[in-house]
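We begin with a single chain expressed as C-alpha cells, specifically the form predicted alone.
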Amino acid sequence: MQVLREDWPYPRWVAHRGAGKLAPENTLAAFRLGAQHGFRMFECDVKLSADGVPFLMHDSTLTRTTNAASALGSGQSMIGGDHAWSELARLDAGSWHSRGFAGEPLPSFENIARFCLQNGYFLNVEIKPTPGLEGPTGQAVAHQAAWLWKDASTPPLLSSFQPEALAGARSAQPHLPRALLLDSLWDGWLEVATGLSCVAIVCNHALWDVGVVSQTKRAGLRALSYTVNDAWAAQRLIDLQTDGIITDRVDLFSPLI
C-alpha cells in the first residue's frame, strides 16, 4: 500500500476549459472570466499543431469552436493537428460562442501558461492528442510544461484518457505530476495508473462511491471529478472526501469552499 501524498498543492475547485459555458472554451478570454469569478485553478485541453506547437483545443476537428470552415477554404482538412500554428493562430475561436467574443484567437499553450504563472494560478492540462500521436503529444506537452514552469513552485497537473500520452509525458519529464482520466472503471484502471506513477485519478463524478474512493486513496492517489454542475453532486463529492471538482458552473460555486 502506498502512502497518500499529504503535500497536495492544488485547490479543490477547477474551472473547466477556463470558464465553463460562460465564454468560448479554451481561450484566454475564458481564463480571464473564470479568474474574475474567483477561480485559481483551471483545466484546459492541449494538442499539437502540424509543426509541433502545443495549442488549446478540445475537439479533433476545428469546426465546432472556430471559423475554420470559412477561413481555411474548401477542401482543407478540418483536423486541428493537420495545420501549422501560423494558420491556427489566425482563426476566430470566439464568434461561435457569442458576438461579444468575436475575434478571440486560439491560444498557444505558452500563452495560457504565462497567464497562469504571472497571476499565480494552477493548471490541469488534459493532453488531447490527435489519434496516432499519443506518445509524441505527451512528450511535447511535458517538455514545454517543464520549461515554462521551471522556476515555479507548483507544476501543472498533466492528465489524459490515453495511457500512451501519459507514458510519453513520463518518459520526457518524469518529475511532472500525472493523472489518469476515466469515463468508466475499465479492467485494470488502477494498475495502469500506478504503473504510470500517476498521482491522481480524474473521473466522471458519477463513478465515485465510498469503495472506489477508498481503493484509490489506499493506492496513494488523489480523487478528482469532472464535470460537476449541480450543487447536490458537488456536496456528494465533498462528503466522499474527494480532492478536486472540475466545473462549468463558475457562476454557481464558490471556489473558496
Ligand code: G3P
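All residue numbers are counted from 1 along the displayed sequence. As the structure is a prediction and not an experimental result, all values here were calculated from the model.
The same protein has a further form, the form predicted in complex with the named molecule, not shown here; the description that follows concerns it.
With the partner omitted from this view, the residue of 96, 115, 85, 161 that lies near the named molecule in the model of the complex is 161 [heavy atom within 4.5 Å]. Of the candidates 226, 189, 208, 55, 226 is the one whose heavy atoms come within 4.5 Å of the named molecule in the model of the complex; the others do not. None of 97-105, 172-180, 76-84, 121-129 except one has non-hydrogen atoms within 4.5 angstroms of the named molecule in the model of the complex; the exception is 121-129. In the model of the complex, the named molecule sits beyond 4.5 Å of every heavy atom of residue 23.
Taking the partner from elsewhere, residue 19 is found to have every heavy atom lying beyond 4.5 Å of the named molecule in the model of the complex. Residues 43, 45 of 40-57 are found to place at least one heavy atom within 4.5 Å of the named molecule in the model of the complex.
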